[in-house]
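Only one chain is shown below, in structure tokens, and it's the form predicted on its own.
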């Protein structure tokens, strides 16, 4: 059992309490995240062990032929602790909605948006952190943020025409030279202790991602000049924005919101599932996360926010900044009739407006209500859903997170659309690496679903 330092008076007070209550209170006071996990993990291991013993053969779903050909959508086959996506409600981080997180999670002094450090604490422990616990994570990530010389050299040697996501993934991959898990595994560490070195790698990686991402931005778009340094007295988002070259307090607040809401979206999406899958082979967090970033780089996943802006620019070029509703409707129908989609609308799971879209819309209404591009996005929000419903082919006509994020970044001067997915990637680390720690803590095995050929599937369907 990990030890906590408490006063003599506190010890007398704790003697009157039950063990579970003691643990909860100590966890709420300690700022040492790893010690808290050391206490929580054995309890969760026993809880799941008992659950599997009692319900291991219980069926939780059925698989259809359409599910198998349709990207496995709807198949219940993956354990993911940090978040769950409800079709009618949206994402919940450890049971808490985005508005609840905005209210409950600690904020920077004078700020109104939650700090991503606080969300990470929530995702990995299940507990809402205190201000002191969040500040401790900020300081720890700042202390872990420096890059090895060979990674910095590689970043500086990448050609400018190399896509930022390719640079991002490559730099993360070669960071695995620093992996604590590789060292622990090679030394014969018992599998029950794997989570500890996975935790160290994950904390190191999260700490270094803003430095990697900012270096890519400065090298690709600013001739390698102006990269600021990490300030141990500031939060993760402030340091990231500063290294990018942005000191506008509103942009820093946007980064806090952006990095919080993009962090996790349960485990079945491409980037999250990829990290889980590659990690199940006991690849270290660097290799696992890099693989997930290669999935995030796809136009059907993280690159979608860029696709939205391209579509909006095409719309503006044809109908202007302030078209009539009829003109806008005509453009949307022409888009659909040409065999294209309206980017940023629809979601594989959600059946309502994405709460991540909603909170970004609220941010825009507060900070940039008169921006022409925001007004156009708001008008699109009014027109597109009824049109999509009219086609009779769309189950979810509502906007997702990608329909809004690019507009906010454009307003504050970040015009480089190719870079947006890197921001998404920095955020996504919080959820997938929190889950990866728990994957190893729970001893989840290598992932290996059964596949069938079409002939065997046809045979099985006829026999059913």
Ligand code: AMX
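Residue numbers count along the first chain shown, from 1. Under this definition, the rigid core comprises the largest set of C-alpha atoms superposing within 1.5 Å between the forms. Remember, predicted model here, so these are calculated numbers, not experimental data.
Keep in mind that the form predicted in complex with this ligand is missing from the display, and what follows is about it.
Please state whether every one of the three residues 48, 79 and 191 places a non-hydrogen atom within 4.5 angstroms of this ligand in the predicted bound form.
-> Not a single residue of the candidate spot has a heavy atom within 4.5 Å of this ligand in the predicted bound form.
Wondering, does residue 301 line up within 4.5 Å of this ligand in the predicted bound form on heavy atoms?
-> Yes, residue 301 lies within 4.5 Å of this ligand in the predicted bound form.
Taking the shortest heavy atom distance, is residue 55 within 4.5 Å of this ligand in the predicted bound form?
-> Heavy-atom contact with this ligand at 4.5 Å: absent for residue 55.
Are any of the heavy atoms in residue 344 no more than 4.5 Å from a heavy atom of this ligand in the predicted bound form?
-> Close contact exists here: in the predicted bound form, residue 344 approaches this ligand to within 4.5 Å, heavy atoms only.
4.5 Å heavy atom contact, residue 340 and this ligand in the predicted bound form | Contact with this ligand, yes.
In terms of non-hydrogen atoms within 4.5 angstroms, which of the given stretches 31-39, 435-443, 395-403, 59-67 touches this ligand in the predicted bound form?
-> Stretch with heavy atoms near the partner: 395-403.
Among the candidate residues 382, 225, 150, 73, which is the single one with a non-hydrogen atom no more than 4.5 Å from this ligand in the predicted bound form?
-> Of 382, 225, 150, 73, the residue with a heavy atom within 4.5 Å of this ligand in the predicted bound form is 73.
Which of these residues, 388, 203, 155, 230, gets a heavy atom within 4.5 Å of this ligand in the predicted bound form?
-> When this ligand is considered in the predicted bound form, the option within 4.5 Å is 388.
Out of 265-279, which residues reach within 4.5 Å of this ligand in the predicted bound form, heavy atoms considered?
-> Heavy-atom contacts within 4.5 Å come from no residue here.
So with the core overlaid, does the Cα of residue 391 end up 2 Å or more away between the shown form and the other one?
-> Yes, the C-alpha position differs by at least 2 Å between the shown form and the other one.
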